[in-house]
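So this first bit is one chain, no partners, the form predicted alone, shown in structure tokens.
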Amino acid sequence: MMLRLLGSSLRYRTGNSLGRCVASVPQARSKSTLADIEASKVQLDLISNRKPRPDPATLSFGKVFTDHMLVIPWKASTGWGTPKIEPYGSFPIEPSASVFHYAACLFEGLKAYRHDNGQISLFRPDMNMKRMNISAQRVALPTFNGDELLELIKQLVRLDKDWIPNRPGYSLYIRPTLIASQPAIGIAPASEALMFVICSPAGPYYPDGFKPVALYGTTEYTRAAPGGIGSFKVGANYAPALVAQKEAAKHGYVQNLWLHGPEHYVTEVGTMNAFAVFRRPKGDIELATPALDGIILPGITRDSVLGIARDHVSGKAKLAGLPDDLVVSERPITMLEVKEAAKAGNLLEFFGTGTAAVISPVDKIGYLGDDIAIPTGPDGMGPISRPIWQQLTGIHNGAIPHPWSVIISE
């Protein structure tokens, strides 16, 4: 890790892709006498009366859950216990559990997609397993064999695959979660933990076409700091963000744009990674996103956007609609640069990326009392994000064969 001074803000430089960030972190725990997760030991307790499937047109994200869930206990003295797939429902946990008092928890988010031929796939689930282990290490929760957990997730999806609506743009959102469950008040590494995975059918993020969002540049709150937890998917990152989102809404904006330091570096768009597209002085086009510097979450969609763009630039996989002279950068971006580029007509687009929306275009940023207008196309998207979004969604739904699409066999 290298410290770098950017203006007067001290920021951490830890690498510039999720792949590089996790390369040195194994999915499985180091050799130990403690038991690790073993998918072959799963016990099934299947529901006898399946719940009615909701009308896809009425789906609201994260409000309806499938018939089953996966639960795996852990103890410091013995390691991981027997995995169980059982009916979705509440489970007993004591009021003194550490998760309630010290936010000792983390989670992931990924999706299962139904292809036209009926096959079900996951998108780059190995990246979620790696990132989950990294988050667990950061908050002193147990790590695990990611391949084994992934096998259990596949089995859960197989059981509840009929919850994936057979309509374009629909999917099954999968939420693996790990919490400290020991019944004791006192700040200490977890002695007991609980892994669980729940699933929820999800509709398209933009059911009526893309609607660019207006952002409020947040300068009065800070999402993360160097050496903190901003680059980890832990629960403590999210509740403090709600007040900033409410502030943005109060000013008439849809979401907030997190800025960092006196230079107002662009970091994240709400809970998404941020991208900007600039026309450079020589006329070529730059797709830029903040580098993974220790305060930014290494998003899997972020990494995928960069990978698709770089494959195009290198000639490995040319993408129709992207310019041949595209430049892909991971670097600091200040709001001053964004504002001046917009004023000069050189800011071509701005968008966020994440699992839920994939790509979310932005048409306005409120910053220090002024609105920065950002161009969008007639469909709401920009010239660079549009072909990348088409490529990503094509991989999701199976129209474009790709190694990132992991088929769940019957």
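If you're wondering where the values come from, they're calculated on a predicted model, not measured in any experiment. The first residue of the shown sequence is 1; numbering continues from there.
Another form exists, predicted in complex with a further copy of the same chain; not displayed. Remarks below refer to it.
Enquirer: Spell out, yes or no, whether the shortest heavy atom distance between G315 and a further copy of the same chain in the predicted complex is within 4.5 Å.
Expert: Answer no; every heavy atom of G315 is more than 4.5 Å from a further copy of the same chain in the predicted complex.
Enquirer: Can you work out whether S121 and a further copy of the same chain are in contact in the predicted complex, taking contact to mean some heavy atom pair no more than 4.5 Å apart?
Expert: No, S121 sits far enough from a further copy of the same chain in the predicted complex that none of its heavy atoms falls within 4.5 Å.
Enquirer: Please run the contact check for V328 against a further copy of the same chain in the predicted complex: heavy atoms, 4.5 angstroms, yes or no?
Expert: Contact check for V328: no, nothing within 4.5 Å of a further copy of the same chain in the predicted complex.
Enquirer: Does F65 make contact with a further copy of the same chain in the predicted complex, using a 4.5 Å heavy atom cut-off?
Expert: So F65 counts as contacting a further copy of the same chain.
Enquirer: Does the trio G89, A104 and Y221 actually contact a further copy of the same chain in the predicted complex, every residue with a heavy atom within 4.5 Å?
Expert: All of them do, each having a heavy atom within 4.5 Å of the partner.
Enquirer: For the chain seen here without its partner, which of 209-217, 307-315, 125-133, 96-104 has a heavy atom within 4.5 Å of a further copy of the same chain in the predicted complex?
Expert: One stretch meets the cut-off, namely 96-104.
Enquirer: Which one, P323, G252, G227, P262, lies within 4.5 Å of a further copy of the same chain in the predicted complex by heavy atoms?
Expert: Residue within 4.5 Å of the partner: G227.
Enquirer: May I ask you to choose, among R279, H115, R158, K246, the residue with a heavy atom within 4.5 Å of a further copy of the same chain in the predicted complex?
Expert: Here the answer is residue option K246.
Enquirer: Hey, which residues along 159-186 are within 4.5 angstroms of a further copy of the same chain in the predicted complex, non-hydrogen atoms only?
Expert: Result: Y173, R175, T177, I179, P183, A184, I185, G186.
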